[in-house]
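Here we start with a single chain on its own, the form predicted alone, put down as structure tokens.
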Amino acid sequence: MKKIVIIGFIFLTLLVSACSGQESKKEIRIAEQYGIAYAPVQIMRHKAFLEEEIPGVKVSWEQMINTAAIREAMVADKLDVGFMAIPPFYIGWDKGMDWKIFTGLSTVPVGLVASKDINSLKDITNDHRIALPQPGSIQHILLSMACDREFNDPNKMDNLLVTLSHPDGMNALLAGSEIDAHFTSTPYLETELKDNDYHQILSGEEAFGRDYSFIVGVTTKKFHDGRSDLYKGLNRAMAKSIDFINENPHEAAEILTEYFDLPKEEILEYITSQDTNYSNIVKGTKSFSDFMHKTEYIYPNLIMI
């Protein structure tokens, strides 16, 4: 009996020690994506604000192409933090993802660019094709909102959609092949509008009805609940990055030339545009969720943030 007690005590001690070691491990695994909308993430990385706020932390950075890749990495417990639009976040949550929004990040110009023979949504016919990143993307939901308002049919243009990345969509539109319109964002939007054969027929704000957060920060619930020290430090570092861009746009633009294949002057123009806003305030969650419930992109059992 005495031997059993001793063995049990040793096992319990080892277990507590292992748990304690895991709890004290300071590591944050972050996924970043490309685009001016994600600029505060690049600033946070470059300026080492996380390391400043959480001494001794190890930060692992992953470059991921879309929200689906971020979701899969979080499911596999290979990622703690990612950045995405609100609609894909809700779709993931509705499918059982255990994650939460922890910060707003940015609002940037978003628009539907079309050839000059298309002057409004009413001019788009079944013969036209519209490129956007993927079904369920923020561009898709914004287009559905506009169609709901204009035609009382949110799915009116779903059969016209072509899934293309922003660069591929831009190239296809400007080449005059495959598509007739492209729902995109900075800097692809501005590049397309420099071509006189194309113009914007709908903005993101017109589709939504007011301003909204284009990109937000998301963490797993496990990270949020289990590592409050890292979670709080992440929020402080993120706020510091957003403030840095807003208060030091010239220096920020210089830093961002290392992350984007664009000249400083062009980056500065984008990050100081009156339609670009970097903020940790999250806007538009309820309007997106209400619309997505109504149109059954997500279902009413989803708990609101």
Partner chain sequence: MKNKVYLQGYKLKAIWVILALIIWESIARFSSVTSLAFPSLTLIGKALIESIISGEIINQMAFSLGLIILGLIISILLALIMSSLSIINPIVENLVDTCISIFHPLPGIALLPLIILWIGTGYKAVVFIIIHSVLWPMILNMVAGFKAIPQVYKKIGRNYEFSTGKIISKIYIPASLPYIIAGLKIGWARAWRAAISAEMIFGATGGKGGIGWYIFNKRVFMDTPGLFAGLIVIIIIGILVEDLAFGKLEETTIKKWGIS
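All of these numbers come straight from a predicted model, not from anything done at the bench. Numbering follows the first chain given and starts at 1.
A second form of this protein, the form predicted together with its partner chain, is not displayed here; the remarks below concern that form.
None of the heavy atoms of K156 is located within 4.5 Å of its partner chain in the predicted complex. Not displayed here, its partner chain is approached by A69 to within 4.5 Å at the level of heavy atoms in the predicted complex. In the predicted complex, none of the heavy atoms of F291 sits within 4.5 Å of a heavy atom of its partner chain. Taking non-hydrogen atoms only, G104 never approaches its partner chain to within 4.5 angstroms in the predicted complex. Out of the listed residues G209, G226, G176, P135, P135 is the one that sits within 4.5 Å of its partner chain in the predicted complex by at least one heavy atom. This chain appears without its partner; in the predicted complex, the one residue of D123, E150, E205, D168 with a heavy atom within 4.5 Å of its partner chain is D168. Highlighted residues V110, A239 and I245: none comes within 4.5 Å of its partner chain in the predicted complex, counting any heavy atom. Proximity to its partner chain in the predicted complex, taken as heavy atoms within 4.5 Å, picks out 159 to 167 from the listed stretches 226 to 234, 159 to 167, 212 to 220, 181 to 189. In the predicted complex, its partner chain lies within 4.5 angstroms of a heavy atom of only one residue of 97 to 112, namely M97.
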